[in-house]
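The chain below stands alone and is given in structure tokens; this is the form predicted alone.
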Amino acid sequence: MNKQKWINAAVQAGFESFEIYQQGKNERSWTWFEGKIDTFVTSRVLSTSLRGIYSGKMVNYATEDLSDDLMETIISSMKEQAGAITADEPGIIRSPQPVTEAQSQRTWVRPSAAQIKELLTEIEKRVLAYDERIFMVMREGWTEETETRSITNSLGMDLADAGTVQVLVCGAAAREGNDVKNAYRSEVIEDIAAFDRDAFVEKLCTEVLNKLNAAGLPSGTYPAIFESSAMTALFTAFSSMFSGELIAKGISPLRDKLNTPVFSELITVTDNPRRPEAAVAYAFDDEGCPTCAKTIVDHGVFRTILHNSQSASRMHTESTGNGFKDAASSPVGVHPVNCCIEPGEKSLDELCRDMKDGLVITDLAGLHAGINPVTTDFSLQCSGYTVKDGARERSVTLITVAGNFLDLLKQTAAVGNDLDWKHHTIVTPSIAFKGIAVSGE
């Protein structure tokens, strides 16, 4: 694709500004089953998204099959689309700004096929040998992906970056009597040679064995700890509340809440796409706006609304560098990236000892249907374990927790220190709460 040729043609056709966004994904993935490679896939995909402003209207066009021969046809089609747009709000394509490189702490060492095969073989053997109750290794695999981005526009912007991630995934199934349970674990691995296999296997096997012989729990209100993965899932489900796009439309629960307490003073939320310890660090967002660190909630007080260029314009402010796409073909939205609840000082075990008696929630189900992002009400099936005298007692399953997310965060008792970025862009540590409603037996 001759980008400059496309830009020149669009400007000559009457576009006020024109942008070419490209996202490339190069991937190798292996799946492993019963001592053999089950699948091996390599893929290389380049997706192109065109944006242009014509008569004040923003027009989008996305494709994975783009050639210069289609240039006149596509630009003409985009002009026609502009005539069908009825929104009065003008589109925004950004002029270039200075962007400094995002420094990552990650050092990726690409393994050979032989190294990957040896790793998958060894992990499978160790999991099956861990305990006689573990009878199957499921969905074991390795994936490595390099993603590239580039933004070029008629205003002089010309940016590009790349990020890599390598992930091991393994599942195990355990059986005791008629009770069968399974668990999965993933781990970001920078260098296979330095990977702690024993720790990975122990965590996976302990998790699946702990699920055996789980029972219900009487309904009631219990002191509770949301373990890191469960808390991350719940927080992620409600993270759109910080979006300037939703706040401007009046459909965020935090509308009219800026500079007022919304969570417990124990809760501080930060967002930093450049965060060096995250799997991928971003120097600019998908509009080419430089990214930066910001505090969204400071000791419970809502301090910063996240913006892309459009939402910032609506609220007469500047973009915070949070204009990201869900996919290359998607419009630019407002998304927290490398966002977290800042960790406290205590481990999960210490949180349990402080709680003395209560419930630890490890898994949540039904997040796609069991939450209301406007009111922040939720009702979710979950599993976990009870705590008695500060120690793990027994596994719990088939219970439902319900409440209001804003109210829950105001009832924070303590924040754990077990923050783990893995390959997530939103994470939290384990958090202890004074009480939550449980529906069970």
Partner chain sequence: MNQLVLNNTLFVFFLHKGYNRTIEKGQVMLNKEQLEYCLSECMKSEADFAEIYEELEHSETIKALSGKTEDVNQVITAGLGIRLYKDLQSVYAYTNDESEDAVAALIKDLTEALGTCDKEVHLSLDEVTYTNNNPVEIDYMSIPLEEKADLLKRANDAAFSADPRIVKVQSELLNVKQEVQIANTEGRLIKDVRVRTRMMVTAFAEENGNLQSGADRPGAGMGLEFYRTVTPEETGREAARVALVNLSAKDCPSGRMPVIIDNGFGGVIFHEACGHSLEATSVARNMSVFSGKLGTKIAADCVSAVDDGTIPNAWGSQNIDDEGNFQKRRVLIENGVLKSYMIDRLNARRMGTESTSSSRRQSYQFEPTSRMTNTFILPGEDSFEELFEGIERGLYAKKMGGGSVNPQTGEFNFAVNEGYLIENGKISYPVRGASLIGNGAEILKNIDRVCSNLKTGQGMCGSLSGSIPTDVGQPTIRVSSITVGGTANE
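Numbering follows the first chain given and starts at 1. This one's a predicted model, so the numbers in the text were calculated from it and none came from an experiment.
There is another form of the same protein, the form predicted in complex with its partner chain; it is not shown, and what comes next is about it.
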statement: The listed residue (Pro276, Pro90, Pro96, Gly220) that reaches within 4.5 Å of its partner chain in the model of the complex by any heavy atom is Gly220
query: Only one of Thr86, Asn259, Ser112, Thr100 has a non-hydrogen atom within 4.5 angstroms of its partner chain in the model of the complex; which is it?
result: Thr86
query: Can you check whether Ser329 is within 4.5 Å of its partner chain in the model of the complex, heavy atom basis?
result: yes
Residue contact check: His316 to its partner chain in the model of the complex, 4.5 Å heavy atom: no
- prompt: Within a 4.5 Å heavy atom cut-off, is Lys181 in contact with its partner chain in the model of the complex?
  reply: yes
- prompt: Wondering, does Val41 line up within 4.5 Å of its partner chain in the model of the complex on heavy atoms?
  reply: yes
field: Which of 250 to 258, 340 to 348, 290 to 298, 225 to 233 sits within 4.5 Å of its partner chain in the model of the complex, heavy atom basis
entry: 250 to 258
- prompt: Though the partner is not shown here, which residues of 284 to 304 have a heavy atom within 4.5 Å of its partner chain in the model of the complex?
  reply: none
